[in-house]
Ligand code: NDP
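This document starts with one chain, in the form predicted on its own, laid out as structure tokens.
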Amino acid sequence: MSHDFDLLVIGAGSGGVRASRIAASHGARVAVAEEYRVGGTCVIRGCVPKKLLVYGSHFAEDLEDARRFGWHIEAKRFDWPTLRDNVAAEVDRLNGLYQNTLDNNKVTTLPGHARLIDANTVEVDGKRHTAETILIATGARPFTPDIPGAEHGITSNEVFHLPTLPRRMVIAGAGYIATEFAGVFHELGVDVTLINRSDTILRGWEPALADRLLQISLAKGLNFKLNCRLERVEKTETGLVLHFTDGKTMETDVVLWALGRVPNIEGLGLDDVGVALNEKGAIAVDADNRTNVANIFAVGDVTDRVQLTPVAIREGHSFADRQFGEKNWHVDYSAIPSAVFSNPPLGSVGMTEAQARNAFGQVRIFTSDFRPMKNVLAGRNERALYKLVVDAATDRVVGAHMIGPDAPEILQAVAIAVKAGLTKAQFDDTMALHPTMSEELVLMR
């Protein structure tokens, strides 16, 4: 039987676009269905616009610190619509580039919501298309709690489009999204309170870094309400009132839900075709990204393995190479670097100290706790913390964790060394580059 396409991809985010492009480069006839905008969460309403807001917010401290370096700025005023609209314009530009990538590779774009009819048929806004192979790359969306009044809050999808800056904001959550937006809006002059049901922020990260971020954030004036449970949100004439299970209340202007992300599986027709889900409600796949239906595959956040854009991109690439290019390679999920673009930012790769102790028993820990040179002259009492985790038996560096200025930029290079299995002795043998913050990585004794 002849099909309309060799590959039909549902979702034009990072993973779907990469899979489409690579499959097309191998000669496959490819279509991609997208119901919103080409580019996906990362480009349209995720890491890219978020990072631009981070850059914009940092000027608050940079302009203040500049005085100690001899720069006198008479008037300082922030205009939210300027930043908001310039970020939106950059998103539009990137959206166009992603669409051009598909067009230039002769990938057919099918605008609209896609739904599986059977193992080889996809309906997009009422029109049916057939394909030999189907790839689901629909990503994930912000989780909204099931409590009365939750609809009065916003998520990271809407936060980039606020008409005005609120005077007060409550951010529910304590993961990377929550801490990043807390840092951004605090620097932009919003009275920010982060609420969380436990007493831990950045669960799963190296605890020493999470604790350092908490201490620095408190010193900067961010508010934290931990060990609390939100019962309902009430809308009033003057804003929102949060009601907690202990009977206490809190008033705010905006509630931002930052409680994690859930796979986008609704309305895809998975039940009709028999595509299985795992215990987390994500699409279950094997090492080849294949579902239990032989010709249907899935990559990226919809599988809820590692919710990171570079992971989705590699999964899409390896899938396309295996299926259409006869290149049999798989994604290596070990030593994946990650970052939190908080204020200050964190970077991490490999094992935490606890994970390494569980895996190897004996480990050696090296830390450097220092005040960056810029902070010293600026009179800012804010310290960076670097930590190396070493397997005592092999001397191999199995984890690197840091918080401080430009930590993610430095961490990317360190990730190469950790991924390559370099030893602490090899770190020590490397000459320091002075004066830099990164030289601390080769000076820990």
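Residues carry their position along the shown sequence, with the first being 1. Computed from a predicted model, the values in this text were never measured in an experiment.
Below: the form predicted in complex with the ligand, not depicted.
Spell out, yes or no, whether the shortest heavy atom distance between T108 and the ligand in the predicted complex is within 4.5 Å.
-> No, T108 stays farther than 4.5 Å from the ligand in the predicted complex.
4.5 Å heavy atom contact, S198 to the ligand in the predicted complex | Yes - in the predicted complex, heavy atoms of S198 and the ligand come within 4.5 Å of each other.
Is the gap between T101 and the ligand in the predicted complex 4.5 Å or less for some heavy atom pair?
-> T101: no contact with the ligand in the predicted complex.
Can any non-hydrogen atom of G274 be found within 4.5 angstroms of the ligand in the predicted complex?
-> G274 lies outside the contact set for the ligand.
Proximity to the ligand in the predicted complex (heavy atom, within 4.5 Å), stretch among 281 to 289, 251 to 259, 157 to 165, 108 to 116 = In the other structure, the partner sits against 251 to 259.
Which residue among A335, L308, L268, L83 has a heavy atom within 4.5 angstroms of the ligand in the predicted complex?
-> The option sitting close enough to the partner is L308.
Ok, V184, I296, A174, V122: which has a heavy atom sitting within 4.5 Å of the ligand in the predicted complex?
-> By the 4.5 Å criterion, the partner-contacting residue is A174.
Considering only 39 to 59, what residues come within 4.5 Å of the ligand in the predicted complex, judged by heavy atoms?
-> Sequence-ordered list has one entry, K50.
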